[in-house]
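Only one chain comes next, encoded as structure tokens, the form predicted alone.
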Amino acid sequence: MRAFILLSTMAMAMVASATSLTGPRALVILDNLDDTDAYMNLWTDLQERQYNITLRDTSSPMELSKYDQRHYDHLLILSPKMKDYPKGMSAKSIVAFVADGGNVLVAGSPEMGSTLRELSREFDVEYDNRYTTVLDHFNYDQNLGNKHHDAIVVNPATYMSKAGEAIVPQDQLPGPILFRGIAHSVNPANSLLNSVLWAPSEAYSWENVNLDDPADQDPSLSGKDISLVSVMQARNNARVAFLGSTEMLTDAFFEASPKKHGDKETISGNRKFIEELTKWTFQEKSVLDVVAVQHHKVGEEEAPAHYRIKDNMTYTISIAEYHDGEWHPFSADDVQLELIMLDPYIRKTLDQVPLDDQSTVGTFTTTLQLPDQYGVFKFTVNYKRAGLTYVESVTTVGIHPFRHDQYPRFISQAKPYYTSAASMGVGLLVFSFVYLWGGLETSVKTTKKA
């Protein structure tokens, strides 16, 4: 078992030579190549993480894949004004790219056209109307949003998902997030979608073409209903991120010093936020892998050909987590094992084996008694948590009934029946004895003499 885990870990380390497990090839689509200079810090960060960046504008023909082979591993769409897809690309091809394991990052803006809106709807994300922007008259930046209050300062400790720690850890952000862009909403019925960052409760979405005019109707979105950054992890573990702002990726927002009214200037957390978000989107972290699965009867070491009902058995699964360019032991307290035949018969939380300095994987184990039901069962670990790749390990085993000579001779529950049968036997013996030798002959003789 240890040798198998060691070999599996070495194989994963060889695959993980690149920073991203998906691959280093990244395609960036811009409205115009002149916009390249606005994202110099973003390009620098990606190149330091060993990405091969290809920059294209919307007028350049391009293909994401050909003959079922991907040309790129990641797609960054920073062209919200795009009216038509580049030649060789379509919404269908992008969806197929995700289905093939590619990762996508989409950034919008108030000028966002119908092209990217149709793409976002494929993933149950709905951007607000064109030429609308998020406004906040209490949490705006006095440097970038002093006129229209459209550059808002978002405190990640308050307006970031606690369940998304695996995506963007709050404690690693040096300051608040600056945002200026369009609002979007996610379908709450879609369990694959998660809102990472949302707007303060005082914010609302409004048309940016008449900001100086008085409002004559209620806003379409406000408060927590406004998602600023959302992510989706497909069932094949491909990842897609949706942002309502291209400006939050620019050097101006990376290097800004946010200052709300009455507060001191702080350091912008945009650069670290985008770094952690792209790490997650491009599968540089929060990636789980099942290294080994083992099951056997208690007191044995090898897996049997089949089990017998009511056997005591031990199940063990080893899971590793990828981050910082290496595989590490995964730690959790909510990994569960299910024993399923159509429906779960047993569901039990696995106990994690204590880690030491030499641990390369997280090992989870439990001992249980199999049910009094024979058939074909599945040992299933279906672990799905926000931000982590899905773990689904299924092992099929057969559970046999007792053989005819393996049943117990006497069953304690049948003691009343045993007692009844014994009493009947004793009664028969007593009756026979009385009938045969109980003085009936003397009684007959006396009757005759009379």
Partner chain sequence: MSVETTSTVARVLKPTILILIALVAISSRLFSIIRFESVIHEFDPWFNYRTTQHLVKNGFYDFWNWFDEKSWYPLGRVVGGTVYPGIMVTSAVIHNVLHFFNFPVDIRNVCVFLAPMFSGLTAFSAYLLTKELKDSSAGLLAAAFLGVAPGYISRSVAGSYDNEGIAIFLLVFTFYLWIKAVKTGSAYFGLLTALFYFYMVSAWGGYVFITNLVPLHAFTLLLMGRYSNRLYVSYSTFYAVGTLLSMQIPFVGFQPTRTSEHMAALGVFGLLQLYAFAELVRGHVTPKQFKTLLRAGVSAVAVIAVVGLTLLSFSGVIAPFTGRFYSLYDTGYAKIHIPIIASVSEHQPTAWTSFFFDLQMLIFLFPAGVYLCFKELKDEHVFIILYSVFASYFAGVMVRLMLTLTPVVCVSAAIAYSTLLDTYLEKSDHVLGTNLKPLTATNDSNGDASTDAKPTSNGTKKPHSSGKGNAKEAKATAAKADAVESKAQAKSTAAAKRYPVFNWDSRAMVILQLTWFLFMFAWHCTYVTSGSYSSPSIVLASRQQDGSQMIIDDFREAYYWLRKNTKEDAKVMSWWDYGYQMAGMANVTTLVDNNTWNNTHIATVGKAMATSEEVSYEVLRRHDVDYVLILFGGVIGYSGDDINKFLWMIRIAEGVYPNEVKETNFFTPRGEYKVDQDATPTMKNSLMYKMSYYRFAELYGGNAVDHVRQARMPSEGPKLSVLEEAYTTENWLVRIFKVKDLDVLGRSLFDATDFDKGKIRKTKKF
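Heads up, when I say rigid core I mean the largest set of C-alphas that superpose within 1.5 Å between the two forms. Residue numbers count along the first chain shown, from 1. Note that the structure is a prediction, hence the values are computed from the model and not measured.
Below: the form predicted in complex with its partner chain, not depicted.
- Proximity to its partner chain in the model of the complex holds for none of Glu300, Arg347 and Pro371, with the criterion being a heavy atom within 4.5 Å.
- Its partner chain in the model of the complex is not approached by Arg385, whose heavy atoms all lie more than 4.5 angstroms from it.
- In the model of the complex, at least one heavy atom of Arg121 sits within 4.5 Å of its partner chain.
- A residue is said to contact a partner when one of its heavy atoms sits within 4.5 Å of a partner heavy atom; Ala99 meets this definition for its partner chain in the model of the complex.
- Leu342 belongs to the set of residues with a heavy atom inside 4.5 Å of its partner chain in the model of the complex.
- In summary, among the residues Ala91, Ile267, Leu355, Val293, the only one with a non-hydrogen atom within 4.5 Å of its partner chain in the model of the complex is Ala91.
- Between its partner chain and the residues Ser185, Ser286, Thr281, Thr132, the one pair within 4.5 Å by heavy atoms in the model of the complex involves Ser185.
- Comment: 187 to 195 is the region of 162 to 170, 145 to 153, 187 to 195, 244 to 252 lying near its partner chain in the model of the complex, near meaning a non-hydrogen atom within 4.5 Å.
- In the model of the complex, the residues of 228 to 245 lying within 4.5 Å of its partner chain by at least one heavy atom are, in order, Met232, Ala234, Arg235, Asn236.
- With the core held fixed between this form and the one not shown, Gln406 has its Cα displaced by at least 2 Å.
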